[in-house]
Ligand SMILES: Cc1ncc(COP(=O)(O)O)c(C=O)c1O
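For reference, the chain that follows is the form predicted on its own, supplied as structure tokens.
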């Protein structure tokens, strides 16, 4: 065991060191070699050292370098050194985070990390929280608590009696709500299309003035950080309208909620703390390893009411039992990396991470805009949308940037316009990475738009 773990650490460290000089995209040869990982199931055991060597020698070259400083796709952050190391140690511990009795250390780390998260995200300190896989499950978990609460208020026990014959629940969301929110609503029985859709403004923000008259069991799903523009729905107005009508407000804040941790950006999330539930991802802007979603609910009993289970064989104690707040029973101890990231960064380090990456996004926008390309959004956070002309030309530039390998950006269609989306969220990104990437974007764009 000692030999193979040391070998894994050596190989992992070498992989990270080589990110600085390698292409962000894998070569065609590396992709073709992936077939070596297939074939029939081995009939006999293989030496673990040989398994690891094959995985590294064939698998590592075929990765996207999303752990490095020049990956700007999908709002993927890298892994902070402390978080990655904690992940490795936590994997060695192999803890089941379901119960205090199964893992006292992971339960203690979850409680501390939850308290720190509520502090830096400026949410009520009495909130309940759940550590789940990602944004989809964070939305699912928080919205399950919302479903529990609004139907309980209407005199219906949805956990016992289901939705058959239940009072109807009105679900309201913005026109540019993230698709995973609709997926969560579908899994909860609300339907993906049986929702009231509110129009948005020119930056993708839900228009509070377009909210319908609110009555009966109602859940409003707002967004803190539009996936394309980074724009925030008007939380102050939405929460005020909901409070007056007794409606529940849920915030999908996969990355945008982290603006609360940076003093110069905190004004962007004004009013978000007035909601009833929130969902975010630690594997985005907190830069912990995948996967790490977080759900928060103002009243912990609403979360527990939706998620708790009863099993005589489980040794529930007097402490907070993690499994009573999550969809899963058995699960890995995600709180380990979250705790390590927050402990290593501290309040000022986290603020610097947010501010620095936002500054880099602004630099990309300024550099591309000054070269004559159209920046489509107000760059208030870490997202930049840029058009290089018509749809075909823009797609050629996106493909050219990806093939160039200096950096990686994805494409999107936003408000009927095709654009390249630059998402800056990694601790590893430096000024040099930004300038090097910007030069590559401009070089490719000039070649593709010439003539």
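Numbering follows the first chain given and starts at 1. Just so it is clear, the structure is predicted and the values come from calculations on it, not from any experiment.
Although not depicted, the form predicted in complex with the named molecule is the subject of the following passage.
Between the named molecule and the residues 377, 79, 180, 95, the one pair within 4.5 Å by heavy atoms in the predicted complex involves 180. In summary, among the residues 272, 171, 259, 254, the only one with a non-hydrogen atom within 4.5 Å of the named molecule in the predicted complex is 254.
Residues 135, 139 and 281 are all found to lie within 4.5 Å of the named molecule in the predicted complex, as judged by heavy atom distances.
Just one listed stretch, out of 301-309, 120-128, 225-233, 356-364, contacts the named molecule in the predicted complex at the 4.5 Å heavy atom level, and that stretch is 225-233.
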